[in-house]
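Just one chain is shown here, as structure tokens, and it is the form predicted alone.
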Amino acid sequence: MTDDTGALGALLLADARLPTGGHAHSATLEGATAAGLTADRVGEYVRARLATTARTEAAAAVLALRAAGAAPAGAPIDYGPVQAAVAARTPSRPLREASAGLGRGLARLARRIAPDAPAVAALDTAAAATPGLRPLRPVVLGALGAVLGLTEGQTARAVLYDDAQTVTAAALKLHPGDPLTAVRWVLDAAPDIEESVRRATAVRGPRDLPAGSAPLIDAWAGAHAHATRRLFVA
């Protein structure tokens, strides 16, 4: 990677065509829809996630980015504290497994584009911190941010935008309608995204990682995991 990759790298991570398996996930919108969430409330759902679960992931990705950049040349990088902190703030087992599944796709991408980068090689330290759980999505996104030269703000914004666009893309399948409405939902959430970028980049360490409660999302994810008919994995 080169020093001027950051802006392009941010666009890459924000691209809905990124081959990481995100198209198979709805950010729990399918579970919420099954529980009665209507199309006119999708925008509210997007903003609720941006203030809770997505903000936690954005902050975790920033911390992983810092961990990769703070290690002196040749010194080991340890994602373990960030991985453990994210796992502790994700009480829903289906959501932890979904994050690990998305992390697996992102790790495959990272190893393809930068196989020798220390930030990528160190991903095993994340899995070691949580036996039985692969590196989680925000940790791998932080590692990718490091190899692509992203700033903290770009990394956080990519995480938050991806969460919003995952919901709105799923909404077009679950609540068929005008695709321009989905664009409006994301644009309306811009102030919420920027507020969460500010908060995510202000986090000092894993112990300060936000733990915004989203009990309904946890409950919907648990019910969705046992549904026999569904369009999305999670």
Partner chain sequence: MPETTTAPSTAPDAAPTARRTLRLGVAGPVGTGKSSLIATLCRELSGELAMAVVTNDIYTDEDARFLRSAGVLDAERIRAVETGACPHTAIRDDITANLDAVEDLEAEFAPLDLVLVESGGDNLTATFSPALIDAQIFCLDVAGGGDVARKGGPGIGRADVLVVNKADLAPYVGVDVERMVADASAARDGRPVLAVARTDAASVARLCDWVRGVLTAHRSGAHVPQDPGPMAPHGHGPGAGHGHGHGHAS
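Numbering follows the first chain given and starts at 1. Predicted model only: the values in this text are computed from it and were never measured.
Heads up, the form predicted together with the partner chain isn't pictured, but that's what we're talking about next.
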Distance check, K173 to the partner chain in the predicted complex, heavy atom within 4.5 Å: yes
At the 4.5 Å heavy atom threshold, is A219 in contact with the partner chain in the predicted complex? no
Quick one: is L18 in contact with the partner chain in the predicted complex, heavy atoms, 4.5 Å cut-off? yes
Check whether R93 has any heavy atom within 4.5 Å of a heavy atom of the partner chain in the predicted complex, and answer yes or no. no
Determine which one of 83-91, 143-151, 160-168, 112-120 lies within 4.5 Å of the partner chain in the predicted complex, judging by heavy atom distances; exactly one does. 112-120
Even though the chain is shown alone, can you say which residues of 196-234 have a heavy atom within 4.5 Å of the partner chain in the predicted complex? T228, R229, R230, L231, F232, V233
